[in-house]
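There is one chain below, alone, in structure tokens, taken in the form predicted alone.
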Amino acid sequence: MYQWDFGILWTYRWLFLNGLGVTVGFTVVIVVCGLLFGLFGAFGTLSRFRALRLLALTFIEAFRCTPILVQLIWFYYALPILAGVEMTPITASALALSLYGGSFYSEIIRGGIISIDRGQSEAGAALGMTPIQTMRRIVLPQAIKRMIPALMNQSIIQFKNTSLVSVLAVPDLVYQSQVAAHDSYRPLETYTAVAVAYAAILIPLTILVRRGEKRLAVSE
């Protein structure tokens, strides 16, 4: 029988904490950047200009329909060759994950905007508002309320996706756990602890998202 020994992991506590800090910080960066890409993608698909719509749709489908692991490897190894610019593992990972998340955020934001009754936009126009003012003052405040649960769920997925950056040697929680596992010869305890750490962060967030969904449903 295998003899479990979690006590040995205490030796690597700072390694795990540093990795967790990188994971959380990395998640914040890719969520913020992903939302910005998502806004551009959403407004692009809703644009009256055909070229802009095609560009936005190409971006969305290209990233939604290819595996994120392939994108990470492509951005780190292929893009520098094509662009002639060197990329660190962190830069390549942040760009790939931000664009990947942005493609999903785009559809969430677009869905939230088109879910608002067209009469709201017509009312804004009747009041003399420009399309931008109508979007900012009338449509978006209502749409954001409907988007929040889906945006939060996608952000949780982004947090889990950061575990893949370890393939590019980004020192996140998974990468540091690999170092600890190789050094201690205790991979079962190490990866069990990592799974518990992810669950300890994501389960409370998931509960908050569900509560938020219920409150939004009641308020509507």
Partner chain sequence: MSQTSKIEIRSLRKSFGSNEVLKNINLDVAKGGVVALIGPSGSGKSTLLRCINLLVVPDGGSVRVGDTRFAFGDGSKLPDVKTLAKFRATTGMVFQHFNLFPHMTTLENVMEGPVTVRRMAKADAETLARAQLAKVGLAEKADQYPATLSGGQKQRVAIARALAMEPDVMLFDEATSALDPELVGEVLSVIQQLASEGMTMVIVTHEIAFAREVADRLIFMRDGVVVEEGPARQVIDNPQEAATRAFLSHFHRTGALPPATTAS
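Remember, predicted model here, so these are calculated numbers, not experimental data. Positions refer to the first chain, counted from 1.
Here the subject shifts to the form predicted together with the partner chain, a form of this protein not shown in this document.
A.B. asks: Verify the contact flag for Ile114: yes if a non-hydrogen atom of it lies within 4.5 Å of a non-hydrogen atom of the partner chain in the model of the complex, no if not.
C.D. replies: Outside the cut-off, so no.
A.B. asks: Looking at the partner-bound form in the model of the complex, is Ile90 within 4.5 Å of the partner chain by any heavy atom?
C.D. replies: Looking in the model of the complex, residue contacts with the partner chain do not include Ile90, since no heavy atom lies within 4.5 Å.
A.B. asks: Just checking whether Gly84 would be counted as a contact of the partner chain in the model of the complex - the rule being heavy atoms within 4.5 angstroms.
C.D. replies: Outside the cut-off, so no.
A.B. asks: Given that the partner chain is not shown alongside this chain, does Ala126 nevertheless sit within 4.5 Å of it in the model of the complex, heavy atom to heavy atom?
C.D. replies: Close contact exists here: in the model of the complex, Ala126 approaches the partner chain to within 4.5 Å, heavy atoms only.
A.B. asks: From the candidate stretches 132-140, 103-111, 90-98, 71-79, select the single one in contact with the partner chain in the model of the complex, where contact means a heavy atom within 4.5 Å.
C.D. replies: Only one stretch passes the 4.5 Å heavy-atom test: 132-140.
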